[in-house]
Each structure stands twice: as structure tokens, then as C-alpha cells.
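Heads up, the chain below is alone and in the form predicted alone; it's given as C-alpha cells.
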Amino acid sequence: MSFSKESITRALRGVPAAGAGGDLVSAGVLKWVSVCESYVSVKLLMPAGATPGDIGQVTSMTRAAIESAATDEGVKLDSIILEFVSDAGDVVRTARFGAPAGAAPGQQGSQGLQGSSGPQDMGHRPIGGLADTRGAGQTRAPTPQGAVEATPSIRNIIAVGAGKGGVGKSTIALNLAVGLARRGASVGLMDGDIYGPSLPTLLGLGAMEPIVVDGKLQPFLVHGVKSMTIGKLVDPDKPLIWRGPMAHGAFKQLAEQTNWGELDYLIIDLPPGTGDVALTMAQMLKLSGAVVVCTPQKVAQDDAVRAAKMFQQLGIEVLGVVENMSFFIGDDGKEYDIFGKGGAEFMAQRLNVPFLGAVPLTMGLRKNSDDGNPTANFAGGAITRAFEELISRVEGQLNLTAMKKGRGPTLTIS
């Protein structure tokens, strides 16, 4: 059984609004309610002049009212997020109540939902201070790409995905972004790999901290690329034990509440597989195309086929397949096919999608990745040639895709 926004609104009509007169609903204090299965999120307007005692009382009474209504309807809640917002919509105080991380759904213990000040904090906590102008946290029904509006300030949005982890998807996304920027383009790089963000290391973000200005996250500008990653918004040592709706909320905030500005390209590094985040992306953003990353191994190809077909099913043009770690170049200059070779190219032919090139594994690429210095990958040599070829082919496929959709260059004769 699911819980409804209407049930919560009715319950909060019985909670007095501190300092505002009347109840939370009639006084206009209740600003927003979101319910997804057993997860509830509520936003309340912070009353002017309210004391910490007033806020604490409203918090406890609101929680009790929601839990009581859920019990009456036979629903066991796993999480309640209660936020107090300013007149401008900025989050100024958050209270979270939820089951311990790893507990079974609905398992709350003898005292009901527990407060989140301890290690039981779970799920996506909306980033404080951001202006939520489009209802962050609300889920949408699946929407075809054809019905999604384009983002006027971003000319091209490219997703980089893979069927399985460990194939170097983030490395390809990063160097594609850096290479495009080196060609004079304005480029953004979004780390959509919610569960395993690696861009903080690959970009060398180190001690940089996120900044919120006018309700928007300000992207990090490094190596000529604007970037944003969930890895700089959470504890780096904390596992993100999130259900689909929580990952949806995190991806939505990264995409819609980052001040990307005007971009020629936004590269999105997706998590591996064909799960919730890819679907969320397809519902939210009008993509120019997707790049699928694969290694030569048969096991990687099998999963990459699923990733390619997922993009096609979502109405996203597959720009092509990249064979990463195609071969290893040793210190002796010799090439070693440690994972086989050519498998991804054969797979691309079988799927009738372009093959974008083969990227070797080198000691320099490994070192530059660990050091957070992708610019060094463009200093010459085999790895530079591989990335430059990849970038040229991606640009070519984008142009072909635009022409097929009637957005190609035009010739005017006067």
C-alpha cells in the first residue's frame, strides 16, 4: 500500500503553525509534499521570528502527525525528510527520520522512525541552499526523448555509458570532455555515476569545496572543463545506500541546479548498467547522443549490447562504441593484447552502430588518472592520438545526427 500527498496534507491540518496562526496548511506554511512509496518529504516555510523551541515543536508534531496518518492507513514509512525553507526557497534547516541503513523496508524498531543524527542516515539529502524551481524530488512517468524539451543554453548533451563497471567509462568521459575543451569548446562534465563517483580523483578536485550562489551550485573549473560530481557533496568514505527515488533526486539536483551557463557540450558520466539513473536522465534531458564504452572481452561486450539497446529503446541516438583498454603498451613499446582485441569493433558492426576507435592502456594514462591530471594525456604519443581520433569521430557523428534531424548547416544563395 502507498501513502498519498493528500493523506499528509489532511494530517498536517491538525498541526498548529508556530507564530503564524492557524494550522500548517491554512497558514500557508506547508509549501511542498512529495511521497514515493514509503518515503516522505515535506517543506515548510520558516516562520519569521520563530525560536528554536518553536521549530522543534513543529518538527515533532509534524512527524507525529505523518506517522499517525500512515499507521491509520496501514503504511510503514521508511523515511521522513522535513525541511524548513526561507521565503526565497533556500533550505535553512533539515530534520531526517529513517530506518537504519541496510534495514529491510518498513523495519523501524520499537520506537518508530528514528532520528537521523546517527549512522542510520540513509538516502539522498537534498543539497542545502539550492533553489528548487522545478519540484526536485518528484518522480515523473517515463517520457520519450521526443517529448523532452531541449536545454537552450546547452547545444549538445552526450551520455557516456557502459553495460558493466570497470571498463574505463569515466576515463573516456573525462578525456572526451578535456579534449573538446582543448579544441576551443565550452564543455561541462557531470558525474552522474551516483553510486561510484570517480571524478574527484580523475580531475584532481582535492580540497575544493562546492559553493552555492543564488540557489545554484557553482561548477568546479579545472582543466578547462566545468564539472560537478556527487563525490564532492557527500562524505567520501560513506557508501551511498540509496533506492531509485533517492538516486533520482541526486541526479536531478546535479543536472538542474548546477549553474552550467552556456555550453557547447555537456558530457554525462553514467553509472554502469541499465538502471534508474539512465531512465531519469532520458526523462529529464534532451540528449544529442550516447557513447558506449566496452573492452575487448566477450563478457564486457554482452553487457555493452544491453547498454546500447537501452539507449535505442529510450530514443537516444547511439553515436558509437569505444573499445577501451584495447591493448597495453609496455615500457618496451610493444603492444600486448591482454584482454583480446577488436571485440568491441565486431560488436559495433553487429549492432550497426559506428565504431569510434580503440584506446590503449598505458602507464602514463594510469598515472595521469591517479594524479588527477588529464591534460597530460594530450602531450603527445599513442594515447593522445587515440583520444584525438575519438573526439573527431564523436564530433562527426554529432554532425551526422543533427543533419538527420534537420539541424544541419544550411546554404543560402542570394
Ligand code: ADP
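Note that the structure is predicted; figures quoted are calculated from it, not measured. Heads up: residue numbers just count along the shown sequence, starting at 1.
What comes next is about the form predicted in complex with this ligand, which is not displayed.
- By the criterion of a heavy atom within 4.5 Å, G166 is counted among the residues contacting this ligand in the predicted bound form.
- Among residues of the shown chain, M325 is one whose heavy atoms approach this ligand to within 4.5 Å in the predicted bound form.
- Although the partner is absent here, S369 sits close enough that one of its heavy atoms falls within 4.5 Å of this ligand in the predicted bound form.
- This ligand is not shown here, and in the predicted bound form it never comes within 4.5 Å of any heavy atom of A65.
- This chain is displayed alone, yet in the predicted bound form one of Q257, Q301, T274, S198 has a heavy atom within 4.5 Å of this ligand; that residue is S198.
- Site annotation in the predicted bound form: the residue of L365, V58, L356, V42 reaching within 4.5 Å of this ligand with a heavy atom is L365.
- From the list 317-325, 72-80, 220-228, 302-310, the contact stretch for this ligand in the predicted bound form under a 4.5 Å heavy atom rule is 317-325.
- Shown without its partner, the chain has no residue in segment 281-299 with a non-hydrogen atom within 4.5 angstroms of this ligand in the predicted bound form.
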